[in-house]
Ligand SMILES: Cc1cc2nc3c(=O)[nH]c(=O)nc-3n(C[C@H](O)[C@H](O)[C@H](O)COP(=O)(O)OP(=O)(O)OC[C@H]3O[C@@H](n4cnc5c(N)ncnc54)[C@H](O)[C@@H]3O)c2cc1C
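Take a look at this one chain, the form predicted on its own, written out in structure tokens.
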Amino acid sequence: MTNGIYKMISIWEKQSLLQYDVIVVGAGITGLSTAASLKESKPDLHILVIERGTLPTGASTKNAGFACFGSISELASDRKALGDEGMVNLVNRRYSGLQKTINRLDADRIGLLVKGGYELLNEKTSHYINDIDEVNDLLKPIFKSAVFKPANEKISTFGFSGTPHLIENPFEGQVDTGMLMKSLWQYCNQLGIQIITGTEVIGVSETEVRSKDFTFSAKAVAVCTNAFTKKLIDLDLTPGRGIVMAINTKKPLKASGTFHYDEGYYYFRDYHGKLIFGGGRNLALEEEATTDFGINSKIEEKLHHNLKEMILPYTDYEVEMIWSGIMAFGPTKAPVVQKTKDGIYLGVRLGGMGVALGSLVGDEVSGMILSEHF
């Protein structure tokens, strides 16, 4: 009688294709960054990354491509929730993560453009102007100069309507999400990291990763599946779906840079003459706490209203594409970087800041694994 667990595999698969030093679950920014950091430190490690989709699902290939670390309203709110030190630490980690991605892959290979970022403030949110000086003082050790300043003179230049205040941030940039992921994937391939796609993981343990067809073994397992982590591990995590549109305008686009409003819940940017616009999750937080991809018609309607009334007044446009991505949130904005009681390493719950935090979180997960196993 044969042992059932080995019935469907060959000796070659068992010896060379199913056994690794480290297995990373999830081939998004964080998962690939974890694998890259491991391989950079220990080139002889045998590393496998497993991705359930043909392409990385979730948010890594479905975001709006913001290289940001927080608008004035977001950071002022973070001060209240986390204190001054907590807010500064959050910004430092996000900015450090962006720099790590740039240094690893090169600015040109991720389509980085630092055009500056802006926050549109209305009458309800205009009080955040009063936070600028104190936030700038707190962030000076990181940026060496003022981060936020009023820029009301640019409101008419950008063609906005009904926006009494505009706050500028010269350090904010934008990336080409597709270029970033393609470059990161290629970089991992060059390092000799094996990536398997189209394979859904149904169970993990300290030394095993199980799919429908195979059981892979390793000395360490890292889970970097962000919003989808609760399918594998019990964790205080809430998924959050975000809608993004690619829009063509009949007239040349006036807005250039990255833009936020309504305390970061809405965001838009220019991209090769198009407008990338998304957000509105705050209109239906409970409905959007889902891992199902789709479009909420109420949010879509609100996005169109804001386009017509505020962002593109008197400008005809058409939606070329619309999609959704799935982010992950928790009781705090700090990502989860830890080892579970079952011995599994986590790098998840990036709070909608995966572009900024992914490389840093991956590096931190890698450091934990290296210190304990290699």
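For every residue, the number given is its place in the sequence shown, counted from 1. Small disclaimer: the values here were computed from a predicted structure and weren't measured.
Another form, the form predicted in complex with the named molecule, is not on view; read the next lines as being about it.
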{"property": "Contact residue in the model of the complex, from F259, F148, Y128, F228 (heavy atom within 4.5 Å of the named molecule)", "result": "F228"}
{"property": "In the model of the complex, the one of D106, E200, E85, E208 near the named molecule [non-hydrogen atom within 4.5 angstroms]", "result": "E200"}
{"property": "Proximity of M179 to the named molecule in the model of the complex, heavy atoms at 4.5 Å", "result": "no"}
{"property": "is_contact(A27, the named molecule) in the model of the complex, heavy atom dist at most 4.5 Å", "result": "yes"}
{"property": "Proximity of L75 to the named molecule in the model of the complex, heavy atoms at 4.5 Å", "result": "no"}
{"property": "The named molecule contact at C224 in the model of the complex, heavy atom, 4.5 Å", "result": "yes"}
{"property": "Region of this chain that lies against the named molecule in the model of the complex, out of 305 to 313, 37 to 45, 337 to 345, 50 to 58 [heavy atom, 4.5 Å]", "result": "50 to 58"}
{"property": "Heavy atom within 4.5 Å of the named molecule in the model of the complex - qualifying residues of 344 to 364", "result": "L350, G351, G352, M353, G354, V355, A356"}
